[in-house]
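Coming up is one lone chain in structure tokens, specifically the form predicted on its own.
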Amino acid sequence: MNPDLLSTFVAAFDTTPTLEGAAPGRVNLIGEHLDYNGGSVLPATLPMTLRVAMRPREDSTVRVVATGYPDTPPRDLSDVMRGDWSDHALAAVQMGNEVGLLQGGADIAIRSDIPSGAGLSSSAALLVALLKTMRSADEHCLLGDIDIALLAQRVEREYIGVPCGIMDQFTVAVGEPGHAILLDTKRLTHRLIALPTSHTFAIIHSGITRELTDGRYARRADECQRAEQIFDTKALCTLDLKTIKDMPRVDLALRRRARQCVTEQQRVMAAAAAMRQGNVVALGELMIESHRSMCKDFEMSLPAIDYLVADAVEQGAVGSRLTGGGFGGCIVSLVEKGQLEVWSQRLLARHPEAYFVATTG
């Protein structure tokens, strides 16, 4: 067990943990807001990790400590979500009890180098890590990694109240280092694609933190649901552009949301093909087009992020785009490995509020 995690647990609970687990962060290379609209996405795991240590309890108490977060009072399995940072841990334990992975509360310690509010799936990593940890207590458990991902998604949707898709949970539960995942979120089929060898995907935090629970992510999901009803489809990504253009009396914003879903789906498939072919130029162009669409059609970017993306390209990135749920967080840029250090230094000198987070390798 990670010694720092162990010491955190012992200091908080005056006992030792009996279970441990971990999950990585993830970056979405292209395909935002498609996983709840029947589309495909192209994420990849990151070399950063969230680790958990746990000791199940026989009573209904849930105690949680996390490095970098303030102390929080003990929770109970009967508690509702209260907007506290410990909500996700509590909800994971509640789900564990619902499906029989636990029979009671738990003491939990968390250490993570995945920044929260950055669009790198720190919450999905926490849920997957906790659920996998609970699963490890039963060697006869039949739940696979995809099952764990689906349970983590249920926690977000049913307990936390975030209408998320499956991309984040699936990626951190199933992903492999050095590969992107072409994930069909409707059929839950996936294909691993090797990342470029000459270039890396660099993640830069804009300095603007956002939370999925602040309402803007949910508003976009609601708009997509309304667009589905208007266009009479269960998957916006399967529409064609002519249908979107010709449908009468459709609110302009909803028409734009549908157009983003259709064109982004096309870009995902083209990006996957470009990656398989080793065509980094085409891949970079698709990333730039994706950001333009997110800015104009999905309206999920911010001026400061647009400037950061534009400067990333100006300083030498082949492509760059906002990644994650939007309204803050990180950008991802495709950069030649030999130019990464100089590129990042020049970019951050022009954007002192931003900072380097990681690369895919």
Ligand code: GLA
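Heads up: residue numbers just count along the shown sequence, starting at 1. These figures come from a predicted structure and were not determined experimentally.
There is another form of the same protein, the form predicted together with alpha-D-galactopyranose (GLA); it is not shown, and what comes next is about it.
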item	value
Partner-proximal stretch of 331-339, 308-316, 31-39, 58-66 relative to alpha-D-galactopyranose (GLA) in the predicted bound form, 4.5 angstroms, heavy atom	31-39
Heavy atom of each of 27, 201 and 267 within 4.5 Å of alpha-D-galactopyranose (GLA) in the predicted bound form	no
In the predicted bound form, residue 258 touching alpha-D-galactopyranose (GLA) (heavy atom, 4.5 Å)	no
Partner proximity in the predicted bound form: residue 164 to alpha-D-galactopyranose (GLA), non-hydrogen atom cutoff 4.5 Å	yes
4.5 Å heavy atom contact, residue 43 and alpha-D-galactopyranose (GLA) in the predicted bound form	no
Heavy atom contacts to alpha-D-galactopyranose (GLA) in the predicted bound form at 4.5 Å, residues of 287-324 in sequence order	324
